[in-house]
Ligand SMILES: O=C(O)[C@H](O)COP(=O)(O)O
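Have a look below at one chain only, the form predicted alone, in structure tokens format.
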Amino acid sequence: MSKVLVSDPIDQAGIDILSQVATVDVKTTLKPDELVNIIGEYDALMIRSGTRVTKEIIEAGTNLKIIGRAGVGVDNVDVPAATRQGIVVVNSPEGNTIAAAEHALAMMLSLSRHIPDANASVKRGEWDRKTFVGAEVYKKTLGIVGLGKIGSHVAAVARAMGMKLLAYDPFISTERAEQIGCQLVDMDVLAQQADYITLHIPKTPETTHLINAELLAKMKPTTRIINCARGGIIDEAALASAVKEGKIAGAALDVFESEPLAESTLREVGKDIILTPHLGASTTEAQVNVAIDVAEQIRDVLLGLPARSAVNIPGLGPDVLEELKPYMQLAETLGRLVGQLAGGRVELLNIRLQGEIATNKSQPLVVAALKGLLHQALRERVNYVNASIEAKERGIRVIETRDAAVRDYAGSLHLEATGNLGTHSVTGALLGDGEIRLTNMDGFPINVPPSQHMLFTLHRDMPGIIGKLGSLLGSFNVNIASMQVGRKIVRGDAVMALSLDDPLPDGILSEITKVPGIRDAYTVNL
């Protein structure tokens, strides 16, 4: 009989499910070295946020088939190490959707009617009705930032309460937003028009301090902000000042830049700010749901069935995984690249398998490309299982073709995406040692390895343009690691592909396009 180790407290419902197919040991006080010593005995490991599953633990788990995280994230699991070992890693991406959405709505209503302070006042023996005159949400405008599963549920409930819905999500189509009942607008319009703003996005370099002093200054004095998503999306000092000075009406926060919340000006604001200790997923139902969801997946894998929410590669054994891994990395890299070139709101993705790659299993490569394409929007929340579903929900059409003809490389992958920045294409291939090469961009031949920071330009092939661009980047203290020009004819149109040692500072793209001969410039971070 299989053996399962549960190393963090989980609901009994999950343990009961596991007990149907395995011997279950619950040991919730293990130190890392103790876990390394015993993990080799087990076929499955079930955790929450308390256990950190390191490479050492995974390598010691010689019998492990699956690691299950009873929660949304898997940041405490070394997923690449598990994938290399052929171990499936699963989570419960939807287990707390309703809990998080309801908490955001509860915070909005509590903020509107001053419920926490009114409650405290009555408990002090007071009866001060005038101080706690509130506001109705009926017919007010709710701005939803992020229309994923949680944001969409908030939209459905808010719409039922008679609210007008605006949304900002650069990674969702207008048609999908309309299906949810939202009018898609840019962030400035949302800030200017919304009476309430609720955040449902991950924290990324692009979303860090999305709500800052500049954006707060554009809001109405009656605007109220709710954040039950991630700490760091809001500049907390700027928010506290805006509420204190009456620039906005209030805020309700469940998440913070640093948790537990230490000394903070947020605590000094008073009744116009509500603070809760990261309770978004803290409902009895959510804890039961995630325990059941992950326990069922562990049970299925132990019975030889696929997992439904794997975050690496479900249902593939180590041998198949080893064969496909380089091609999937190529597909994901090209997806990240073309997604950023085309803009976040991609409507169409064409995927063409060329040469010997056309003989491979296509579905894993398509999923890997979609995972890369959606990375900017979803970060760690997109995986090989949900990438196709997430793409469909965002209205992204996928067209797959095969072309067995061999061109410059034995096998290559071509991606073309249409988004809000236009239509762009990239082609890539694997060299003999598995190294990825970008071989074409927008129809121009190139031969460059991808790097973390890249700059692409569309320009006229003319003397001096390379030197001018290099000098401009140098003036911003940006170092060029490598550079190549791709052109079709001499002194015609050309592209320049640069690998950079440093990320480009804000505002430099507009300076680059001022260089005579350069028509467009695109920055990509892989």
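Bear in mind the structure is a predicted one, so any value in this text is a computation, not a measurement. In case it trips you up, residue 1 is the first one in the sequence shown, and so on.
Not on display, but discussed next: the form predicted in complex with this ligand.
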| property | result |
| --- | --- |
| One stretch from 471-479, 458-466, 64-72, 34-42 that, in the predicted complex, holds residues within 4.5 Å of this ligand by heavy atom | 64-72 |
| Close approach of residue 278 to this ligand in the predicted complex, 4.5 Å, heavy atom | yes |
| 4.5 Å heavy atom contact, residue 49 and this ligand in the predicted complex | yes |
| Close approach of residue 96 to this ligand in the predicted complex, 4.5 Å, heavy atom | yes |
| Contact flag, residue 230 vs this ligand in the predicted complex, heavy atom cut 4.5 Å | yes |
